[in-house]
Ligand code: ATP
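Starting off, we have a lone chain in the form predicted alone, written out as structure tokens.
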């Protein structure tokens, strides 16, 4: 039985925090493969200035290109409606029926997980893997919340890691103002943003 990780997100834009989170999880769990899935329409948040799926897909391919075993999929982008994680996991469980699936997320997503569409079914389809994205989301806080989900039959794995505090919202604002974001973004992503004149005002 193989171990396959799934890492979804808006990735608007994909940044070094996303990459650091994924690298931490891969080190801890030694997946056979990780599938990165840019979402078509995120169900959990309203995103202003959402770039095209093509641009976000291309940026993910650039950002994760040097991580062995990672592939970027356009599956969610090709669907209609909101990108509910349970639909994604149903699909990939049918593709990989004999493998164990792991759903990777930041602490902000884990702490609101009980509000997700069909979250109890997600717990049956995949183990959750969480890394803190903010200093206040401590390992003890996440472990405490994980226990409530485990009582519903799920498996929740907390990977302790120093958070890389940056948000795509902040980066979009900086990019609109023409500020240098090279310390937060992969150099190839920076080049792609500049070459395609993305996130600029007007």
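Positions refer to the first chain, counted from 1. All values reported here derive from a predicted model rather than from experimental measurement.
In what follows, reference is made to the form predicted together with the named molecule, a form of this protein that is not presented.
The contact with the named molecule in the predicted complex, taken as any heavy atom within 4.5 Å, belongs to 105 out of 105, 101, 87, 123. Stretch 162-170 is the contacting one of 148-156, 135-143, 162-170, 26-34, since its residues have non-hydrogen atoms within 4.5 Å of the named molecule in the predicted complex. Contact between residue 109 and the named molecule in the predicted complex is found at the 4.5 Å heavy atom cutoff.
Of the heavy atoms in residue 189, none are within 4.5 Å of the named molecule in the predicted complex.
None of the heavy atoms of residue 185 is located within 4.5 Å of the named molecule in the predicted complex. Heavy atoms of residue 8 reach within 4.5 Å of the named molecule in the predicted complex, making it an interface residue. In sequence order, 10, 11, 15, 17, 18, 21 are the residues of 10-37 having a heavy atom within 4.5 Å of the named molecule in the predicted complex; the partner itself is omitted from this view.
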